[in-house]
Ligand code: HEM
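Given as structure tokens, the chain that follows is alone and in the form predicted alone.
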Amino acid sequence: MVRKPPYYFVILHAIRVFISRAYRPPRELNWIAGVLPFALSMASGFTGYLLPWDQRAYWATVVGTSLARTVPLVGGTLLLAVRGGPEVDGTTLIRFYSIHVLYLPLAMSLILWSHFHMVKRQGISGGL
């Protein structure tokens, strides 16, 4: 059995909404509230990749967090904030675990609640 990552369904839903043009007024805010879960699911995948704490996860996290250094002006500070120090170590593991298990699910729940609430108030889009 092939296991599909959960963000595939977020992508499929976004494509359906885009094709049916359900992002147009008065549903712009609902579109944004629907795109944010995709970003959160990608962040969940990134933070969860380190949790096995093996060589593959370590080096993937080193490379992934090094991208923060490319942000102009604040890249070095952002890198230290993401890793919790200059290196990927136990502090990074604890930080990624807490983000993965506590903060991202909480944010996802709040955003999805607001998304569903807006769909309930505005109704399902009539399509094209």
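The numbering used is simple: start at 1 and walk along the sequence shown. None of the values given here were measured: they were computed from a predicted structure.
Below, we refer to the form predicted in complex with the ligand, which is not included among the displayed structures.
For the marked spot (M42, F46 and A107), a heavy atom within 4.5 Å of the ligand in the predicted complex is absent from each of the three residues. Residues placing heavy atoms within 4.5 Å of the ligand in the predicted complex fall in a single listed stretch, namely 32-40, out of 56-64, 81-89, 99-107, 32-40. Taking the partner from the other structure, the ligand in the predicted complex has a heavy atom within 4.5 Å of a heavy atom of H13. Within this chain, W113 is remote from the site of the ligand in the predicted complex, having no heavy atom within 4.5 Å. Among heavy atoms of R27, some come within 4.5 Å of the ligand in the predicted complex.
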